[in-house]
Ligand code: URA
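Okay, so here's just one chain, in structure tokens, the form predicted on its own.
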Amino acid sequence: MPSAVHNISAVEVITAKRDGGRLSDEQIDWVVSAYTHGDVADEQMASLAMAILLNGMDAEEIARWTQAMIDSGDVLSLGAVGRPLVDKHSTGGVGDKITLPLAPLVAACGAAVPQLSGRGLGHTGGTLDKLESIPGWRASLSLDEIAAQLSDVGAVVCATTPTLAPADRKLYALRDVTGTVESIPLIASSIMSKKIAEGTGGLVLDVKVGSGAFMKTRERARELAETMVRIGSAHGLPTTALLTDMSVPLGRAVGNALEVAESVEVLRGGGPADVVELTVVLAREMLALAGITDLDPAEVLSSGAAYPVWERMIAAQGGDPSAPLPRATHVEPVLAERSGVLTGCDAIAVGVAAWRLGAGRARKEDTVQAAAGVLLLARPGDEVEAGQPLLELHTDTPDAMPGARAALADGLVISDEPAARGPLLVDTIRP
């Protein structure tokens, strides 16, 4: 799309935002389209992204930017699946395997969940990486396969399609290498453009806050949540956001196959209390948006009724839900240095340790180890004895053990007295 047609130039758009101005609808539409088609160079869009990070955008600019990214590609049409469509998005954390039990649970209650997911980067795990530890499971589905699985099973977790918000895919990669990831307008529009283009009828956002989250403070997490809820409202997508604690890992398992195993426990009616709690809280919000109020997801989950949906969901994508999961060739404990009460288990420390063991990637093109990760044998609030195993480190590359232990050096705190911990659900934000 040549700039002369619209009498707009990249430099004009950059300088307008650099000087604290408001971008017009025409400027936003043009620059997003031109960048997608290669008529705006990476260095120019990087400059604009930095100007947006420094000077922000108002609500109207963010809504228009989101729409421009949606318009850069296709919008899925999934209305014929025969169930109300509702989805969930998490901003990412350590041990955040909630999508795995949540999608089958909500489907078991009568809704359809089109969960288009991504891969992990750094200490934050990726849903697709976790599921790919199941023998035979495949992430890539065609649009027809997605629609058919939603109609038949009620839940699909797969990779996003290449034609869905391609502007976001290109801009996301640029932000990752130009120090502009932290911009709330760009984070919010990135997440929401994909979810709106996905064609869901309702959206619940799990915005993590704490050391293991992207947003470290409650203020920043709330700002992001409120921005995304406003975008949803502006685009006619009913959206609710929950702020949830990510100061300690979710559950006991951090790592791909380890988290799948824990998710299966939850689907069979067991599992760690915090994973069960968050799964049920999110399911209630999703079912409310779907208009399903006659079922209690807590009862459905504890009964094990969602597990058969999981089996069908995995099998529909080529996976064998009964196959043994990969197991690490090297497992070492981390021992308590003294007796007392475990009061600290820092999420970022555990996440980095799991990443160094091979559970995550430093670059998008890196591979991950299916069996690598960290298993928490003790949780904050537990009394421990000196020499007692607190964690297990799992890896296929034993040379990674020292780096993982170094990451945990200040992350485990044992005290003489228990320490109070805040609630898992911090806040709820509605339109």
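Start at 1 and count along the sequence shown; that's the residue number. None of the values given here were measured: they were computed from a predicted structure.
Keep in mind that the form predicted together with the named molecule is missing from the display, and what follows is about it.
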- prompt: So which of 186 to 194, 199 to 207, 314 to 322, 156 to 164 is the stretch with heavy atoms within 4.5 Å of the named molecule in the predicted bound form?
  reply: 186 to 194
message: in the predicted bound form, does residue 172 come within 4.5 Å of the named molecule, counting heavy atoms only?
response: yes
message: Is residue 214 part of the interface with the named molecule in the predicted bound form - any heavy atom within 4.5 Å?
response: yes
query: Relative to the named molecule in the predicted bound form, which residues of 300 to 323 have a heavy atom no more than 4.5 Å away?
result: none
